[in-house]
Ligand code: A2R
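Take a look at this single chain, the form predicted alone, given in structure tokens.
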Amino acid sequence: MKALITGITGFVGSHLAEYLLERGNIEVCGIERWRSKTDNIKHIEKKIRIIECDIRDYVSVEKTIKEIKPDKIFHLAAQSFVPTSWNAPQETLTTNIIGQLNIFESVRSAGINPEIQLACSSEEYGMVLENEVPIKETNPLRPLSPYAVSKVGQDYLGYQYHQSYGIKAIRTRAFNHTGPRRGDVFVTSNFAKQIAEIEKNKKEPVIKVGNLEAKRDFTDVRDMVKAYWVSTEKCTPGDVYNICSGKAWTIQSVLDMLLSFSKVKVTVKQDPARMRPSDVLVLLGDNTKFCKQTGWKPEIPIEKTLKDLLDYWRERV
């Protein structure tokens, strides 16, 4: 079987590539932009096939899809950082929506029909009312950032291409996920890196934070990639599924947990640059539909996820 991972050099892509290699009997292929090289896949790069391709360029995508003819596509490549989408809304919409459109059109052009897992997002739900928690797939979408709007576009494009052309798009709305290799712009990883720097005396003992009251549903990335795989095996194309732990943590409690793994004494200081023009207060998902359909359940406790993340940064700073 051939599996193609877009965004293979990224946080989730690298963990997914590892997981597929462990399963065996899968030829793992990935695409990367020429300037997106990272250390995330260095340890496995001899076992996978990497093709240079920019998903925003249709000719490049079509050539790649025709060359590989994948049986499964895991579409993870995206502009995935919410704050960046405020500063670069056009790039966010182009990369995320047009990039996915190019994949769909290339699949049609190549005359193949692989399962395509779409990495949509809980950010699509946006403004969630108190009586709507935990969030089901049927909840209204009220996106609050350009990133969230781009993900709604990807999500509904998946639905439309399934209805119009029979494309086997599986729409997965992942809630927050973290773990080793998470980019340091993301909240859990940013806190872990700051603590590791303070431990090594590379930074003054002040932790800069944004909104600590927000509540998020966290899943370990290693559980998330198993969910992505099983979605292509057991989910119904065209349908949509929440993937989440079903538990919400305040950002404050996540910070406290990370600090509990360290002996450093710190001052916590709010940084205005870390506050968003509009923030989603609560993202707590209902994973009943996905779990019932696939048998998947999250297995790694958040304490282990955060400890592994902190250890990851301790090795790097």
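The model shown is predicted, which means the values in this text are computed figures rather than measured ones. In this text, residue numbers run from 1 along the sequence as written.
From this point on, the text means the form predicted together with the ligand, which you will not see here.
Contact annotation: Y147 falls within 4.5 Å of the ligand in the predicted complex, judged by heavy atom distances. Using a 4.5 Å cutoff between non-hydrogen atoms, P298 does not count as a contact of the ligand in the predicted complex. Using a 4.5 Å cutoff between non-hydrogen atoms, E62 does not count as a contact of the ligand in the predicted complex. Although the partner is absent here, L258 sits far enough away that none of its heavy atoms falls within 4.5 Å of the ligand in the predicted complex. Using a 4.5 Å heavy atom cutoff, V12, S80 and H177 all lie near the ligand in the predicted complex.
Heavy atoms within 4.5 Å of the ligand in the predicted complex are found in exactly one of 22-30, 50-58, 260-268, 65-73, that being 50-58.
A heavy atom within 4.5 Å of the ligand in the predicted complex is found for one listed residue only; from T232, T84, N139, T95, this is T95. Taking R171, K226, R182, K193 one by one, only a single residue has any non-hydrogen atom within 4.5 Å of the ligand in the predicted complex, and it is R182. Taking the ligand as it sits in the predicted complex, the stretch 236-254 never comes within 4.5 angstroms of it through any non-hydrogen atom.
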